[in-house]
Structure formats: C-alpha cells, structure tokens
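Single chain ahead, by itself, as structure tokens, in the form predicted on its own.
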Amino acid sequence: MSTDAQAVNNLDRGAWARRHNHALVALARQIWHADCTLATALALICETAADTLDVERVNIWKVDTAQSTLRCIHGYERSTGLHNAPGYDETLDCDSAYGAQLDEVRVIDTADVTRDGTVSASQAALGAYRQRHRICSLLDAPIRSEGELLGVICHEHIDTPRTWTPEDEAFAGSIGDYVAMAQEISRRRSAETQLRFLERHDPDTELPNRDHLLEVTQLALLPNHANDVGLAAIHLQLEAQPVTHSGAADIDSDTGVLLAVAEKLRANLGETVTLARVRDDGFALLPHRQLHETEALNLAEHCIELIQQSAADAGMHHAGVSVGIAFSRDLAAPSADALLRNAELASQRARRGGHNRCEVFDAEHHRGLLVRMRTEQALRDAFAEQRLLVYYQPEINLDDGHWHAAEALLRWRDEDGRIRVAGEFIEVAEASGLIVALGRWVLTEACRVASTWPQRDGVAPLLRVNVSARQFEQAGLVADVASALSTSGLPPSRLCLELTETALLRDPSAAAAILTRLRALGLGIALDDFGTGFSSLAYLKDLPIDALKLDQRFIAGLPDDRYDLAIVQAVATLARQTGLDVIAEGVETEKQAQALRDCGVVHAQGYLYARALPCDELVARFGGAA
C-alpha cells in the first residue's frame, strides 16, 4: 500500500473511531438518565450497536455456565426495527470451547463463520441458528461484572463475510461493558427502590408505615387547613386475644390478626383512604376527601365491623378495637404529626371506656391533659429539688382556746416563688401515682417536726397526717408509718392518720385489716370529711376509728341553718355515746364556734384561728398544748 493510500486509510479509521466514540458518549447519557429502565437501555444499546457497526442483528444472551447454555434476553433486527420479535428468547447449547473463549477474550471476531474453527466446531443447535438467520460474520463481546461472566452481546452480519477492524472490535468490547453497566444500574436502582419501599412500608403487611402516612398527610393538610371541615385522621388500636385449640398451640395473634385485619381493611376501603400500619398493634387511615363528623364516625364504625369480622375469620375471640378520630380543624398549625397524634390520643381515651368504642379528639380536653402533664413534671422537679413544704393548720380546743393538734398539709413553692396549696396539684399527684412518694415524705417530715413541738402541762400537740386512697392501698404503708415514728422519735400516741371514705370503700374488709395493724402501732385513726360519703355509720361500727372530722359544708350554715345544726348535734351525740372525738373543719366565725360548743363539739380548726402555717410560725403563735 502506498504512503498516500495508507494516510487515507488512517483518516478513514480515525473517522470511524470518532463516530464510535460519539455513539458511545450519546448512549451513556441515555442509559444513565433517571427514567431509563433496563429494557429501554438494552433496546438503545442494540440499536446503537447495529447502526454504528452496520449489522443486521444484535442479540444479548445470558450465559448459564452450569447448564452450558445461552438464552437470548433481548433481540433486535435493524431492517425491520423490531425488538424481541416472536421467538427471540430461544436457548442454545454452548460448547466448552466457545464458553472458554468468552471467559478469556475482549471480543470474538469471526469474519466467516463457515471457515472459523471455533464456531464451526460448535454444536448443531448453534450452527442451525446461524444458518436460519443467514449469519456470515460475528463480533461477540462478553458481558462481565466484577470479573464474572454474565453473558454475551452478538453483532451479526448477514449474507456476506466481513472483516472486522480494530475500531469495530474496540467498539464491540465497549458495548459489552455498556450492557454490564446497564444491568448494574438497574440492579442498584432496584435495590434503592426496595430500600425506599422498606423505609416507608411495614414489612409484615406491606402497608405504608407512619413515616409514609405523615408525608401523605402533610401534603394533604397544606391546601386544606383553612377549610371549616378539614381532614380527618382515624386511629385503630387493636386488642385481640388468641383462642387456644385443644391439642395445639395458640394461634399467633400478633401476625394472624394483624395480617387478617390489614387485608380486610385494604380490600374494603380500597382507594378511598391511605391505610397505614403505625404501631405494632395499630393502624391509621387518612380519607382522601374531607369528612364531616358524622361521616367520619360512620367510617370508624365500619372499620370496627371489618376488624371484628377479620378477627373472627382468623380464629380470635373477644377481639376488640379502640378508635380515635381527629380533625385538622383542631390544629393550631397544619401539622401531620399533631393530627395523627391527636387521633391516637382519642383512641386511648376510647380504650379506657371499653372495647369497640370510638372517640373524637376534644381539643379542650387535650389542652387540659397537657396542663396536667406539665403540672406533673413540674411537681416531680419540685420534689427532686426539695421545693416542697409541709405547713400545719392548728386545731383548737373550743373550751380553753389552746392548741390541741395540727394537720400536716403539703405545699409547693413553684419556680416563681409562689406557694401553691394542695388543691392545685393533688389530683395530678393522685393520678400519676406520685402521691405515694409525696405522702411518705410528708409523713416522715411531719413526724420529725412534731417531735420538736413544745408541751403544755406535760402534753404535746397531736399530729394529724392525711393518707390518700392510693397510699392506703400500698403494701408498705404500715412499714412506712413505723419507720417515720422510729426515725423521728415521735410517740405513736401523738400521731393520728386521717382517711377519707374513698380509701375505705374499695375493699372494707382489707381496709379493716390494715387499720387494725396501724392501730397496733399505738396511733389513732380519724375519718375525714365525715358525712359526705355513703357508708359512714357502718364504718363507725365495723372499723377501728378514733375520731370524726365534720366536713366544713355542715359548719358553714351554723347557727342559722337548721339542717346543718341538726346534723352537727346528731354527730356530736353519736360521738359522745361511742367514745369518739369530733373535730369541726372550716370554722370561720365566732358564731359558728359558739354553736359547736353548744352542740358539745370540743375541737375545731379553720380560718377563725389560723390558716396553715410554717412550723416556726405555728409554734410562735400558739406555743403550747391544751
């Protein structure tokens, strides 16, 4: 070849190389596009290869090395423009020589299949395939990923033999890499899609999870928040019990019922709601349209029926569900988390009322709960920081005006320095159970302080300490009292525990046993708020009680209210005849005090004498005993 001819040939080959590179660059952009699926990528690869190499057919085969077979997974015919024509997905035997060559080379180039030793030695099926499609030349590129042979892409030239140039071979090798790249991109995207699905769905039911529902709810809230009706969220809290089958283990209530419920709700609610599993034993749903309260209640009742049916089908007896409904109209701001939380709070309230109930979230009630929660936490902090106090309200002997006893009353110095009375927080302490620890502390502290009170004529004032119903039910009460007495050195005869009928009413026989053990320590027992309950007279007969505290509502009308006067006279007479002491509470005027004297009541406390005072003020003001 002359120098000029060689130069022209080099120019032609350079042009072909550039054409190949441009085709590869354009193909890469398309394959990496976010919307490009694996099927689309394989089609683009085959079309690009066929056009660039000017061949009739490009097929992608998957290699099964264990079976020594090739299976076509994508076929393209350039003349017809058809992808995956009928019968494209045939499987061919692959002999060991061809397979070994695929595993070792960048490409297999065959200019004339009738003369090539490797191809002509292939089994009959491969030869029949070549003849059927009039293949004369082949340029095969292995498809590898991380060193593993996955398949082969075959560029098939028909009718006449063809000599492949080095540029053709380099291009074909790159095309094999592109197939591997497309498969890897697809695998990664599939894994990412699966990961996103797992992140946003419950693995057991494949329903959306709470995070997914929060996204849907937040999107739905934004344009609708100003609407008078707004969105509704419904929380379904399951409560199921398994049936024990004779001779077999209990059925799996967690899995069986949950899957049955999920399927029943999904099948019946369809596309009208977004249904999600938001807890181990709870579902939530967001209707796709705004609902009035009646519509939401009807939907909730329908859900209860569906859940009962699915639980019964799963072999569950006594299965129940508590349903809570919340509306976006009650939100201060469009918050998906707040809406779902409100629905769950409503379901918890429904649960306290019994099985298969439904409650609508009440914003005012919730605000009250938030206040109680804040109060409870602040009270716990105050207890831990020693900002709780014990004040003492004196009890006066009406005959001589001397200090006879004092009732220990809990006080709380809040962060602003204000002294808060027990009526502002005692219900929160009771409901939270904190009252037990507070009551134990008050008892210990009051006994310690009372042991220092001065005597009058050899007698020190009596200490009265309230015991709440919850504290009374604690198994350690008697031990706590004994410990407080022992630690303080206060004589048991100077301690009187005050209990209300609420503490005694729940289990009178158990109450009698506890009171007997307390009396055995040598202390006294007073029945507080006497006359306001239902069984006071029975208590006087059956329980070891030393004193009655007349509630202030019977004192307020003295001396003019004849009913109050008759009640006080009757109680005073009953007390004298049974050997009980009577203490009048809430005495505010001298006329009330005189009426009590006339009725035979000896001891009283109230604002006429003093409010509850710190110990040093109490001692400084009253200074002695009756």
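The structure displayed is predicted, hence computed values, not measured ones. The numbering used is simple: start at 1 and walk along the sequence shown.
Although it is not shown, the form predicted together with a small molecule is what the next lines describe.
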In the predicted complex, the residue from Asp581, Asp564, Glu56, Glu585 that sits within 4.5 Å of the small molecule by heavy atoms: Glu585
Sole residue of Ala111, Val421, Ala125, Val216 within 4.5 Å of the small molecule in the predicted complex, by heavy atom: Val421
Triple contact flag Gln393, Glu407 and Val442 to the small molecule in the predicted complex, non-hydrogen atom at 4.5 angstroms: yes
Residue contact check: Ile426 to the small molecule in the predicted complex, 4.5 Å heavy atom: yes
Touches the small molecule in the predicted complex: Thr502 (any heavy atom, 4.5 Å): no
The small molecule contact in the predicted complex: Asn342, any heavy atom under 4.5 Å: no
Interface membership of Glu359, the small molecule in the predicted complex, 4.5 Å heavy atom rule: no
Listed range touching the small molecule, judged in the predicted complex by heavy atoms within 4.5 Å, from 464-472, 281-289, 481-489, 156-164: 464-472
